[in-house]
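Next up is one chain by itself, shown in structure tokens, the form predicted on its own.
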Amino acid sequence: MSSDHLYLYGVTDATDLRFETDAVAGAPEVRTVSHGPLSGIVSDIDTTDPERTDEDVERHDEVLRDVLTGDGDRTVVPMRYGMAFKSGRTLKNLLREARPVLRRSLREVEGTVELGVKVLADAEGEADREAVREAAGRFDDASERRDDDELFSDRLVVNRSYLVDRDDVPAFDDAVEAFRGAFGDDVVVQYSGPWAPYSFVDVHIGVDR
């Protein structure tokens, strides 16, 4: 790509990072652009208004997961899909002007990942929903915080995101397996992650892109 535009995935502590991958809009490589103590995780793009497609949203998430779980176990403040900048200079302006909130957000999620748990009642709907919700409390013990998401289906009993210290992920895995064992075929458990901690940072960017 010949454009100077940059697509932003997230922000991490200052680092020099570069790797080949299948990035948003077909870019073949992800790298960092740094200013002071912060680095933006970026790839090249030819627009500041990228089209939203399922494929590119998935690429966005996978790039963040690669950074999160790659060498160094980096902490990442994720950006929502669709943030692109005219140039490295405008991105550096963001890193300078939003430095306080970005650094505070990095501290708040340092050393953590986000894990997701959805619990659905079986097709016959015979599961004791109150017992399921009460038993899901065991996930709280293995996590730092939780966020209750919308129950967008009649079968959905629990839909939560958890902020989990990396060292506690095995304990969280065990809690999920114990939950599955307790309820058997009465419920369907969908366990996902690790993800960048989207549900636990709230960064609003108000600078010129």
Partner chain sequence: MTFLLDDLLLKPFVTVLDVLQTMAVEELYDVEAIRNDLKENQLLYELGERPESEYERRKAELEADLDTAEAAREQYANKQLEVRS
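On a predicted model such as this, the values are computed, not experimentally measured, just so you know. Positions refer to the first chain, counted from 1.
From this point on, the text means the form predicted together with the partner chain, which you will not see here.
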item: Residue stretch of 65-73, 27-35, 43-51, 148-156 approaching the partner chain in the predicted bound form, non-hydrogen atom distance within 4.5 Å; value: 148-156
item: Residue (of 120, 84, 113, 132) lying close to the partner chain in the predicted bound form, criterion heavy atoms within 4.5 Å; value: 120
item: Touches the partner chain in the predicted bound form: residue 189 (any heavy atom, 4.5 Å); value: yes
